[in-house]
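Take a look at this single chain in structure tokens; it is the form predicted alone.
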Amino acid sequence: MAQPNWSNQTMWTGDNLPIMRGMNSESVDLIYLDPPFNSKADYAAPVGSMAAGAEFKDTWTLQDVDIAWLDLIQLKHPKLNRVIDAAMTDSDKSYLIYMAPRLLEMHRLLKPTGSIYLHCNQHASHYLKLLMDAVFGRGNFLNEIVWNYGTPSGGRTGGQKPVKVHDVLLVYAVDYGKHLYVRQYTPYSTEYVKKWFRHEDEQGRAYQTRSRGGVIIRQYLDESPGMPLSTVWSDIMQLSSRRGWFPTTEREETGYPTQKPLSLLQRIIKASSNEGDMVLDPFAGCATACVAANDLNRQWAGIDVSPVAFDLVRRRIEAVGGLFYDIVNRKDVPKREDLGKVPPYNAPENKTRLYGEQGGECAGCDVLFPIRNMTIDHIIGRKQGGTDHIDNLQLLCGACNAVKGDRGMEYLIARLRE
């Protein structure tokens, strides 16, 4: 396993795909992501809030570049291609094409003991489950957690259908059985304590009786950790509510349109990481996962397209007495350090090997050319996180190479379709 090729407490500003491509493999212990849900809505933080200026569109339309991406996925990841091809609408297909390469990178970044929590809702959870099955394998599916964040009251009660009060967390391991899980408990309810811990000993300690191997024993309330955590979490309320045994305060709210409570992220991080582990949130938003990781003595990194995320994480950590000035903001693409010694991309041996693998055909237009008329080129451009490793190289004819330039291969495919 490689060490992270970045420092602790780093917030990147930019597209997460090229940034993740530049990160070392097997360098992350836990990933939490709360990506767009394909909700067909646009979001913006209110003026005057801490998150003012943060906004994103969750509307997806199928474009030529999406089809080009699909061609690339079809070549190397046929399982993913079948899932995307099953999408019912062009919007769904475009959304899945966006998510697929990012999930592939997240799988590469996780250690064998690592886990991933994908936060989603009814708009895309069914498609994302299939996508995750294709990337991580069905055998590595751990659980579908239902986060019941509220009650069916107020404005939610309108409409001719049951009231929505939950999101879903899809949880996968890289390697089932090797993954880390720290058992969590929730407090017993008052009703449960009253019903079961109804006895008291001479010192006034509440207990219940249980049979263990035919012997009656006492289970004391003050020695019991609580109820083992289940797959339905109904004790953590959304930030606009004030109920639940994890209370929230107005000071926690930043105004970010899809902000999640700290208690939710703290539970996830406690369950699937140890102190000192690296936590990554590639859709950081208002940086709740990063703040929670910092509070729990984990290392962390976040990525978001909006520069507001960096400002928010510094302000939120400062508000609880953290060293906000240690937080690093980067806008570059990191350079992988886990590939060993890689020869220059234009080394003669690379050209000879690629010419044989491609059968003398240009990887763009599929026309047969002499080797002298071919140019070594990157499939994923360096600016997009592509490396000089042979797996990221191809041969193009002069015309295709001129069209593609320093962009990714998906750009050339889209242009050749015109």
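Here the structure is a predicted model, which is why all the values come from computation and not from measurement. One-based numbering along the sequence shown.
The same protein also exists as the form predicted together with a small molecule; that form is not shown, yet it is the one meant from here on.
Although the partner is absent here, F283 lies within 4.5 Å of the small molecule in the predicted complex, judged by heavy atoms. In the predicted complex, none of the heavy atoms of D406 sits within 4.5 Å of a heavy atom of the small molecule.
Mapping the unseen interface onto this chain, I303 counts among the residues with a heavy atom inside 4.5 Å of the small molecule in the predicted complex. In the predicted complex, none of the heavy atoms of N24 sits within 4.5 Å of a heavy atom of the small molecule. Segments offered: 221 to 229, 97 to 105, 178 to 186, 83 to 91. Contacting the small molecule in the predicted complex at heavy atom distances within 4.5 Å is 97 to 105. Just one of Q299, S273, S263, Q259 comes within 4.5 Å of the small molecule in the predicted complex, counting any heavy atom, and that one is Q259. Residue N16 is the only one of N401, Q394, N16, Q9 with a heavy atom lying within 4.5 Å of the small molecule in the predicted complex.
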